[in-house]
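Consider the single chain below, provided in structure tokens and representing the form predicted alone.
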């Protein structure tokens, strides 16, 4: 792993990546490991996190697979305890676990509202709260939450998802203020549509609701970007690794879009 441009910059650090079995989470876990961190990777799918941990180990790093559900308080506590026992306290936390769904507000299912907030807002709250004592004791910590362009803009039919992602930005800013003098930084990365299984779900939803083909639905999502493309997970990971490092000690309370300009540039059609 010595070929990584920041190889060794996180040596001696322990990271915990939720939702780390695939897509953005997998890319982040591998990048953090390449920079020298020991990485605990958690998700509900044991097979997926085991594969990512094996990739880390095969590259000469230290990886740990943990099965956990961020919507279950007991599962969160067990996850953090297991990571601490095996690797040491995770002073780098990447809140990546998330879910997306859409529905117009009329007849919006209350269960869908509750699920979006539980996974995307309360989940990061639970995991951050569980990791915070060790960070405060160490006088050093990094909390990086993977939000969304929906953390800073609104769009039709995703009221619950947008409310949750706006909420986790508020949590980020509040904790950044609370811990500004404690050596802990708290930031949010806000991707646009990334080419992952989560976006595949959005494609399937468009197909089922509109009758468009999968290719047409994917093009529709890509067209929301000024660059007319979906973002690759590997474009997200290096920024997270930077935020986890000492080089980013002065970056806190920030929302950092990786959205091909979607939140800042008017689309030109």
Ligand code: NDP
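Since the model is a prediction, treat every value here as computed from it, not as a measurement. Numbering follows the first chain given and starts at 1.
The form predicted together with the ligand exists for this protein as well; it is not shown, and the discussion that follows is about that form.
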The ligand: the contacting residue among 205, 45, 59, 213 in the predicted bound form [heavy atom, 4.5 Å]: 45
Contact with the ligand in the predicted bound form, heavy atom within 4.5 Å, among 117, 152, 130, 194 goes to 194
Since the chain is shown here on its own, which stretch among 93-101, 152-160, 106-114, 174-182 would lie within 4.5 Å of the ligand in the predicted bound form, judged by heavy atoms? 93-101
Is the gap between residue 24 and the ligand in the predicted bound form 4.5 Å or less for some heavy atom pair? yes
Interface membership of residue 53, the ligand in the predicted bound form, 4.5 Å heavy atom rule: no
Partner contact for residue 142 in the predicted bound form: the ligand, 4.5 angstroms, heavy atom: no
Does residue 243 make contact with the ligand in the predicted bound form, using a 4.5 Å heavy atom cut-off? no
Counting heavy atoms only and using a 4.5 Å cut-off, do 16, 121 and 166 all touch the ligand in the predicted bound form? no
Taking the ligand as it sits in the predicted bound form, which residues of 147-161 have a non-hydrogen atom within 4.5 Å of it? Please list them. 147, 148, 161
